[in-house]
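Here we start with a single chain on its own, the form predicted on its own, put down as structure tokens.
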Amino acid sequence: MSGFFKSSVGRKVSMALSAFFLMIFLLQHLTINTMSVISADLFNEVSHFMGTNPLVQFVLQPILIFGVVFHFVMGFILELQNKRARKVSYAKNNGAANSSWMSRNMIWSGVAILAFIVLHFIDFWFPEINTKFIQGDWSGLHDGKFRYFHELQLKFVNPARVAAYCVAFVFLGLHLAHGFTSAFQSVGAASLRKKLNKVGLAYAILVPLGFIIVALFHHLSYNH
């Protein structure tokens, strides 16, 4: 198994599998966030279930955190590996002519997304951990009311924070535009490249756009 992760093919396949996992999570996360636009009560109920269910909290959440860390660590390792390879190939080829801008800058879009994840953790995950594990409050209640929807809206009051979220989602779209197709190619689906390009482009546009709409909705509705 250790030999698998040390090989170039093994690293790319493991990177692709972690990407699939995170892309599925993004759809699930967007679905729940979209509920906050449709109904505050519905969003509160689903958030309460996700925030108090033992399977989600003690099994799926650690797996998600591991998946995020693994994906970024493997991404940096592959970038270093590719840089070493490009030192030789760039002497013979024009890198810009042989690859897209997005593929050459995946590391930078990844860094921007990582910075956003840290902000997102500070905004939502750390306070949740503090409430449940430090304060010992697992009720999901404050003053007799679900807190989830209210806390979500409060995070989008500041326009600077909303702008930071929107910029981060643009970087996410750029990252997904190449990463979606690349992940499938890494697991041997290169023959479906044309179809995957269309599906990947739709995913890279619609998913980040959905998050942006949610952020703008709460900012505008709270301030008006």
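From 1 onward, residues are counted along the sequence shown. Keep in mind the model is a prediction, meaning the values are calculated, not measured.
Missing here is the form predicted in complex with ligand HEM; even so, the following discussion is about that form.
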| property | result |
| --- | --- |
| Heavy atom within 4.5 Å of ligand HEM in the predicted bound form - the one residue of 85, 154, 73, 117 that qualifies | 117 |
| Residue 164, heavy atom within 4.5 angstroms of ligand HEM in the predicted bound form | no |
| In the predicted bound form, residue 177 touching ligand HEM (heavy atom, 4.5 Å) | no |
| Proximity of residue 124 to ligand HEM in the predicted bound form, heavy atoms at 4.5 Å | yes |
| Contact test in the predicted bound form: residue 196 vs ligand HEM, heavy atoms, 4.5 Å | no |
| Non-hydrogen atom within 4.5 angstroms of ligand HEM in the predicted bound form for each of 14, 107 and 201 | no |
| Any residue of 165 to 185 that, in the predicted bound form, places a heavy atom within 4.5 Å of ligand HEM | 169, 172 |
